[in-house]
Each structure stands twice: as C-alpha cells, then as structure tokens.
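Just the one chain here, the form predicted on its own, laid out as structure tokens.
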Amino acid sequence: MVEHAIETEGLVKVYRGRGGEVRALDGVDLRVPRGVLFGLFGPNGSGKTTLISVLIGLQLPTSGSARVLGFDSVRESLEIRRRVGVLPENYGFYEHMTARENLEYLGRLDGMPARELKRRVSEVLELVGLKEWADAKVKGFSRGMTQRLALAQALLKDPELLLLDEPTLGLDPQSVALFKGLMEELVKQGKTILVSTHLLQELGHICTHAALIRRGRILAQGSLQELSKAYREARGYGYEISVAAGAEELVRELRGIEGVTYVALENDVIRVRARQDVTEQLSSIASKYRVRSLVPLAPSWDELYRFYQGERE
C-alpha cells in the first residue's frame, strides 16, 4: 500500500488567455497521508478547486505530476475516478426526480452493477440522514438536504478517498454540525478525506492535518502539532489554568518562572504566555494548588495562516 493518498511534485497549472497567463498552481508539492481528515485551507482564488480538478484528471497539469492512491492523474485518471468520491462546489440534480432516482440514475451512468447500486443507494441515503426523504422530489429540498444528497452521491461507490470542495458553504449551523459528524465518522471507518475550504474556523478544528495555500503555492503543510510548533517557537507558548482556590498565590509563583512573559487572572482562570515550552514547570508548581485543569493553547487556523503567509512574503 502506498504511504500517501495524494502526492504531487512541482505541480503547475497555467491558464493562457488574451489577458496573458494566470498561474493557478505554482509548483505545488502536496502530501496527504492515508486515513486522515486533511484540510486544504486558503481564500477563494488560491487554487484549491483547480488542484482537485487536476488530481482527478479533469484538467491536465502544465507541468509536474500528481499521484492519487498510487495512480498517475494523467495516465490513470479513470482508475482514480473509480476509487475517489468527489463533492464539487457546484453540483446539480434533476429536481423532478426523487433523491433515490437521482442516485440510481447517476450510479448507472457510472457503470455500477444494478444489485450493488440498489443496496448502496439505500445505505448512503441512511448514512447522510435522508432515508425519510428518499422518495421525495429534490425540488422540495433545502440547501442542506441537497448538500447531503451530493455527499451521498460522492459515497455511492464506497470510495477510498473523498475530495470535498467547500462542503459547508451556505449551510445553516445544524447542517454544518451534521457534515462535521459525518466526516469524522467516515475517517474512523478508514476513509481519507480532503476538505477544501476558505472557512478555516468552521472546519479547521476537526482536521488533524492541513495544507495552507495562497496564490497557487503551498505555504506550509503537516499535522496541527507540526504546524503549531514553528508558530509557538516564533510567537511564544500560551496556557490556561483553571483554579479552584489559591489563585493569587499561584499567580505570584508563575511570574517567577524563567521565560514567562505574561500572567493574568480572570474569573478563576490564569492565562500564561512564555517564550519557550514551560509545561513541566507549570505542572510542577500547579500540583501544589487546587487546579482543575492546565491546558496548552493551540493557535487557531487563522493565526497559523497569517503566520505562514507572513513567512513567505
């Protein structure tokens, strides 16, 4: 088995028109491990959708290469599309048909055997929470229900890898929560999911790995822990300590730790910042007090994005 679900080398995609050249992808080297929920984070126009199109062979790269599940995106694109489920940003269904009819029709177009198709349609409709609306016409569906139907279509072939382009865009909070739960459950089942989005705060916290992309270039990639390490070394370490009693005395002790630059008490919560990792020192001192919790603070995806963007400028 190949180590990475997705691996690209120097991937370039140039669009040429009357106005000149536009580099949608500019030397993308991407590594997506198997079995993870991977975020491709960047603003609109950063190259996310173009990258997905190249990965599944809908567009040819100008130069460079991409392998998906071990298959070359140019020479073996049909094999990739047999094994990958895609939820595009823009999709469409036949509104005069029911959810079940849409999936059965699209599954037949995809060459799925009739018996397997019937079974899978029922399974995926139940999985995405549309079992009760399986025989309702799509024209009456809300945005969230239609998005769930699109996910059902992406899951129809029981793919090894899912590519989801802006899957929560325009959804209400309840539908977003449902989508997050579904993605986490699918990863537990062994799927690999790449979710492409500009909504870093909305989806970032459920991703264990990510790549930050801007103007067709990868700014940084890796696990949350790997990406946070460089940020903390440059910007400092943060902690929150929840205290049941003795907070004022604990604050005085914490201020004496070498490297600590900030200590503040707010409503029984002590916030600490330090130039280096002082987790052991904090734990040692806190053990003498009635401390409810000591939590190292991870930077948000927005903070990480701004940090790595600044490093590239």
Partner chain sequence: MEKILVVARKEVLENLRSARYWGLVALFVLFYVASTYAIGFAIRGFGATLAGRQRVVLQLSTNVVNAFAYIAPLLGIALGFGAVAAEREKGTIRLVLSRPIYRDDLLNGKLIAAVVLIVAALALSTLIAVPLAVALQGVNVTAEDFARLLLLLAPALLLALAYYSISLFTSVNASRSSHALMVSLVLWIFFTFVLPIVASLIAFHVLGPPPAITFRPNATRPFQPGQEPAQLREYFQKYSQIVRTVQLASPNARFQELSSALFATRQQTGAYEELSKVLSSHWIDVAVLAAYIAAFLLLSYIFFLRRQETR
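Rigid core (definition): largest C-alpha set, two forms, superposition within 1.5 Å. None of the values given here were measured: they were computed from a predicted structure. Numbering follows the first chain given and starts at 1.
The next section is about a form of this same protein that is not shown, the form predicted together with its partner chain.
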Per-stretch contact check against its partner chain in the predicted complex, the hit in 64 to 72, 241 to 249, 46 to 54, 32 to 40 (non-hydrogen atom, 4.5 angstroms): 46 to 54
Site test, F179, K229 and A234 vs its partner chain in the predicted complex, non-hydrogen atom cutoff 4.5 Å: no
Exercise: K118 in contact with its partner chain in the predicted complex, heavy atom 4.5 Å: no
Contact label in the predicted complex: Q59 to its partner chain, heavy atom within 4.5 Å: yes
Its partner chain contact at G92 in the predicted complex, heavy atom, 4.5 Å: yes
In the predicted complex, Y289 touching its partner chain (heavy atom, 4.5 Å): no
Residue among R217, H209, K191, K157 with a heavy atom within 4.5 Å of its partner chain in the predicted complex: K157
Contact residue in the predicted complex, chosen from V187, A134, L224, V86 - any heavy atom within 4.5 Å of its partner chain: V86
Sequence-ordered list of residues in 3 to 34 near its partner chain in the predicted complex, where near means a heavy atom within 4.5 Å: K13, Y15
CA of T98, rigid core aligned, shift of 2 Å or more between this form and the one not shown: yes
Rigid core superposition, E240 Cα moves 2 angstroms or more between this form and the one not shown: no
Core-superposed C-alpha of D110 shifting 2 Å or more between this form and the one not shown: yes
